[in-house]
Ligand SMILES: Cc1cc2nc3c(=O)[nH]c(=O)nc-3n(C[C@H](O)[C@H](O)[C@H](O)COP(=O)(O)OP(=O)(O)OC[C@H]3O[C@@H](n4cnc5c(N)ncnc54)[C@H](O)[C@@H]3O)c2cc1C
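In the form predicted on its own, a lone chain appears below as structure tokens.
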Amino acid sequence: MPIVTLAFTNGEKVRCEVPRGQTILEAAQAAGIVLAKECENGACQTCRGTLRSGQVEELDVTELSEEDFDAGAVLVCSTGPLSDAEIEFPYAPEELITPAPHQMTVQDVTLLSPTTARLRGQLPRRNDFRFRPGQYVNISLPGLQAKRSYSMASPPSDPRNVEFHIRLLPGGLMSAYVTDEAAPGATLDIVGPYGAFYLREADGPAVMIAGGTGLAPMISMLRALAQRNATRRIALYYGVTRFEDLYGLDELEGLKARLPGLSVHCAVAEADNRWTGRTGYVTDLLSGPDLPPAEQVYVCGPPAMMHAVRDLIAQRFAADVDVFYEEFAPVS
């Protein structure tokens, strides 16, 4: 029976036997090993690790691209070993926070742009909700068998008051809810936090790359750093498709005033005369000669952006740079 070694960033390694036909996640759970997970069907990529040795096989369809496979990416919820193997995860077990259900009261909904809304909510005074900047929750839509995932844009220092940035999509269930129904005082069920995408403690320079509402977890991270009076150098690269999608520029200017090491670079792909900044995709911002060095890279955005950025990161950054990804797909 293959033995799989699970390696973590704190140097810890644990081993478990994985019976033929069973996923690595199932075997780890049976052995009492806690791994980051959420959907358990290969879609959310929360359980993603990197294959360092051995051979594995997919037991179910996943959202990984060919480039992901070539880079050694593994979703342990849908993968089994063909031999002894070692898989590395981008976190330490003690950093994980167990997801739990909570009830949130809507405080207000504000348009940040014609295509983006801010939903602010409050949790009960006595609650145990905790999260790391960059993580997300699942929000259940009232009266519907549907849930949607959104990253917190708020910092974890005040977990009672949470903020989410919602992309407004034609015919979208969450879009319709926040624009037509989310009156102050309404309640929403949330579960979280989820995700291995969160700010790591470090002093070295970092690069953040965001597409669309992928800006939300970056704002959470930057707000957390500003509250600590952090001085580390951070370069944020932010891209949207149209001018209508652009939001958060005033917030970013305020954060620049509080974070002396922060620089912000924005691009609009389909720009018109209302936009006087850089035209193009976020990858165009990264292709210039002035890309700063980094010890950590954080990337959050839709699939097309993520796939393009992965290739650039491999070309532009050293192999030992820590890269953290959070991919999302707009869901109606």
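Just count from 1 along the sequence shown to find any residue number. Because the structure is a prediction, the values reported are computed rather than measured.
The form predicted in complex with this ligand is left out here; the points below concern that form.
- Only one of 211-219, 181-189, 231-239, 122-130 places residue heavy atoms within 4.5 angstroms of this ligand in the predicted complex, namely 211-219.
- For the residues L246, L199, I166, L225, the 4.5 Å heavy atom test against this ligand in the predicted complex is passed only by I166.
- Of the residues given (L259, M174, L112, I87), M174 alone sits with a heavy atom within 4.5 Å of this ligand in the predicted complex.
- Three-residue candidate spot Y136, S149 and E327; every residue lies within 4.5 angstroms of this ligand in the predicted complex by at least one non-hydrogen atom.
- Looking at G54, you'd find every heavy atom of it more than 4.5 angstroms from this ligand in the predicted complex.
- Among heavy atoms of G280, none comes within 4.5 Å of this ligand in the predicted complex.
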